[in-house]
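Next comes just one chain, in structure tokens: the form predicted on its own.
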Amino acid sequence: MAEERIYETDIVVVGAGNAAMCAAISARENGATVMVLEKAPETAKGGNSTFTHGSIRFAYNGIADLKQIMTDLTEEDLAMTDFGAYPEEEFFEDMCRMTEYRTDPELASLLTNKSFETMKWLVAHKIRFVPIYGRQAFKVDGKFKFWGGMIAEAAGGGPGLVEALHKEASRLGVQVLFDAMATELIHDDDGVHGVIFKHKGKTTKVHAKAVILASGGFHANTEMRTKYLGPKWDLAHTRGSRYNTGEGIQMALKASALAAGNWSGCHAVGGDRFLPDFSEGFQKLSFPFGIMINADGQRFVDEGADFRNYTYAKIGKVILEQPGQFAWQVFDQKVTHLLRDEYRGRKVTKVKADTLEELAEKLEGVDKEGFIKTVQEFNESVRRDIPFNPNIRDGRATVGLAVPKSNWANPLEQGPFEAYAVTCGITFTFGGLKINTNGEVQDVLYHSIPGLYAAGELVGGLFYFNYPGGAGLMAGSVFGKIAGENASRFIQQLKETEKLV
């Protein structure tokens, strides 16, 4: 019988996405030895971070700040672009507004306050950021104008971010084990002392002075989804990583950690109706420029309530509530040039027709008469006296409809018309563990569990109901860095105490 291998290190990080690797890098640069346990094989590393566009939201006060983050900006870029400003106060207000003022004020304040500082830290660790032209800014009158508080993404998107973080961690001497699924925390009355995990199917242990949990939520766990999010969530398509099945949260709860946040809520988008689970290219997020109709042929949501990145994370839930859990997004030729890249290519369920009557025949599962009536009423209600502008909340609204459209309302008149079938896709869950501002996991008595820290999607309390686009990656980076710093400080205090003894 082979002898069981037992590892030892200062800090174990569970997970290998953005939050986890920020924690690992932070802990290592603060003097700790670090081991990362990644459940996935190396080819699928990075959790949900790999499936993002790498878009990240942070506070900035103008061009001088942005030059420190997007170091490749040229004078030509600056001349043709209005980046505006996004002060910390506005970021904090967005966090409050998007969550209906339920976000944990201490955590939200820390997120917004530390966002720019953390971006500079990422840049110092060789993470490269570039402007999000095309998705967050459209060229109007020869100039790009950014909107919605989000202007940068990691070079290479989510995969590029993950690769850069892993490369930097390797350079610093962080050890990463792949195919290593954490199953249980080693803990007693004095705190957490390591992790039991399966490495390539073999149960083993790593003894450590601190553990940082950063293994994501439970969006890919159908049983937990249905238990906590409720009926129909087993029918939602699953985006992102297939490995985010909630073990990190469950391990902590078994060690008396306190649950926190919006356990019945999640980030859920609209995307292709028939694309398989865990597929890239699922999202279809240009809905503010058209209309969405359900099986009855009726509109059911204000598509132009706000900028896309303030509404897209809750639109999936609304689609899931429709008959058959699907909808169609409909556009005319006045706006099809504004559709994001995800609408092009083969991974789309699309129909096209020269007239609305022909389109109605092609909308599978839709009441044809209901659709024609809806479009006629919509077209008649549009404020045509207000100019259309995709870069601002233009106020081009409808008048007199039961379901209004507040901005970017264009009558559907100019064929050929295009329609895309969409359904709900769950990205990540909002419920998780209670932490304090040091990243320390709290127990059910609201005391810190010695040696246990958390960051990323398994932290509860930041997001409720909705989500400002790009805030998830920023939260992972901010709280990952904080967890790494404080876990290292905790270990140093332990070592000093041991010397005294």
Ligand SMILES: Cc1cc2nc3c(=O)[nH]c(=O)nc-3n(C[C@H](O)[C@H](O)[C@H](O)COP(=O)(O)OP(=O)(O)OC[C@H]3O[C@@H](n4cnc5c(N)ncnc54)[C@H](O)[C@@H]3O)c2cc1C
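Note that residue numbering begins at 1 and tracks the sequence as displayed. Just so we're clear, the structure is a prediction, and the values are computed from it rather than from any experiment.
One more form of this protein should be noted, the form predicted in complex with the named molecule, which is absent from this view; the next part is about it.
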**Asked** Of the options 182, 176, 122, 301, which one has a non-hydrogen atom that comes within 4.5 Å of the named molecule in the predicted complex?
**Response** 182
**Prompt:** Using a 4.5 Å heavy atom cut-off, which stretch among 354-362, 386-394, 400-408, 241-249 contacts the named molecule in the predicted complex?
**Reply:** 241-249
**4.5 Å heavy atom contact with the named molecule in the predicted complex for all of 14, 20 and 427** = yes
**Request:** Evaluate residue 58 for contact with the named molecule in the predicted complex, applying a 4.5 angstroms cut-off between non-hydrogen atoms, and reply yes or no.
**Result:** no
**Request:** Find out whether any non-hydrogen atom of residue 464 is located within 4.5 angstroms of the named molecule in the predicted complex, and reply yes or no.
**Result:** no
**Item:** Residue contact check: residue 35 to the named molecule in the predicted complex, 4.5 Å heavy atom
**Value:** no
**Request:** Considering only heavy atoms, tell me if residue 435 and the named molecule come within 4.5 Å of each other in the predicted complex.
**Result:** no
**Message:** Just to make sure I understand: among 51-89, which residues lie within 4.5 Å of the named molecule in the predicted complex, judging by heavy atoms?
**Reply:** 51, 52, 53, 54, 55
